[in-house]
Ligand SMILES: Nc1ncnc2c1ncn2[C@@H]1O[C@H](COP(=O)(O)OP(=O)(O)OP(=O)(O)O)[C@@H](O)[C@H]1O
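In structure tokens, one chain follows: the form predicted on its own.
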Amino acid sequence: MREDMVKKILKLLFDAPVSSKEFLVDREDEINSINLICSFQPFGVYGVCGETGIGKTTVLNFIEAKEGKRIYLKLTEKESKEIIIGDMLYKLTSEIMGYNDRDLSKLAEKAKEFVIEERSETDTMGVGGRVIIGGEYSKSITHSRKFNVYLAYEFLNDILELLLRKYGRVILLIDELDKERKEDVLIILDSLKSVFNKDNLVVIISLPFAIYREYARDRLRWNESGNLENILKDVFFLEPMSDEQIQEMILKRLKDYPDFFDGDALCEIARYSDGNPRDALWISQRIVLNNLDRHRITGDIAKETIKREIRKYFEDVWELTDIQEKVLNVVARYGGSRSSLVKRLEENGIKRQTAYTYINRLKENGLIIERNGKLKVSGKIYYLIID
């Protein structure tokens, strides 16, 4: 391939959130549902959940406010609850200082100075010092000072109140909170309930996948509300893409190079990805970089490249026992329901209860995936165990 062609293809396959509908694949229903909430719901906090790389930021990019103000915050500082709240306040002030509104700018500047000063003083206090005991230096003694989260809440509350007075309605999008542990996120959301509980304030937050499972269980409890229902009005779960949708995503990005990956190569990429766009784009780039002398990628080339890449990255990570490998090979070969696979494993000399136990454990470890009641091995494992 020519060098300029390689650069263009790699740029098109780069893992970045989609911001143009030209490249959007199968997220219209979720986007439309959230936009209806932004337009008609009186207020509330809503979550967007899904596994890492599934497209939560892409969905947030297409959330629109028919009336009022849309504000997007991307969190970056995540050492603790206090730091996350401070980062949220700082990003909000940075956003609204560009609105050219004197009242908002004045309040935002005061809040930003507070965050900077608090972080600076906290870091300084945490440096500590050394003391002399018996003529020798001892270990350092650290004097720590916590971030004043209560004053941060006051600033957040005052800024949101002022925004609502100025614009009538506010759609607040908070991204990157999905990278934190479920327990930490719940603590943060619970502490922000009173701040976000305002008429005409709709808050959409990207959340960890584990929160969706807990929220669904809370909803199913008979005559009993769980803690999540007291925090979130609703949660939208982004399902993994189908193989066909992954292939469509790649083709849309490579519209100027429609024949670069043949149909079989696209199938191999989709199989590896397990419906995750990020994984599909990563392995597509690896295939390109490993075959710079090719002008077209066939299924066989893609398959062999994926096998090499998987063994390079993962062969030393997973040490499979003989029985684990046997179970995975049967699932890889046949797929299907749990009961049908157990029957296959019994035919291969594995006791019924042992088969169920191993399937469940491998599923818990992510080596077996269940989709719509059907089991299959994960894409990474598939290319690790096939000949």
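Since this is a predicted model, take the numbers as computed values, not measurements. One rule holds for the numbers: they count along the sequence shown, beginning at 1.
Beyond the structure shown, there is the form predicted together with this ligand, which is absent from this document and is the topic of what follows.
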Please determine whether residue 47 contacts this ligand in the predicted bound form, using a 4.5 Å cut-off between heavy atoms.
no
Is residue 77 close enough to touch this ligand in the predicted bound form, meaning at least one heavy atom pair within 4.5 Å?
no
With a cut-off of 4.5 Å between heavy atoms, is residue 119 one of the residues that contacts this ligand in the predicted bound form?
no
Is the gap between residue 369 and this ligand in the predicted bound form 4.5 Å or less for some heavy atom pair?
no
Region of this chain that lies against this ligand in the predicted bound form, out of 297 to 305, 277 to 285, 161 to 169, 92 to 100 [heavy atom, 4.5 Å]:
277 to 285
Contact check for 360, 378 and 383 against this ligand in the predicted bound form, heavy atom at 4.5 Å
no
Exactly one of 241, 310, 104, 195 has a non-hydrogen atom within 4.5 Å of this ligand in the predicted bound form; which residue is it?
241
Output the sequence-ordered list of residues from 30 to 56 with at least one heavy atom within 4.5 Å of this ligand in the predicted bound form.
51, 52, 53, 54, 55, 56
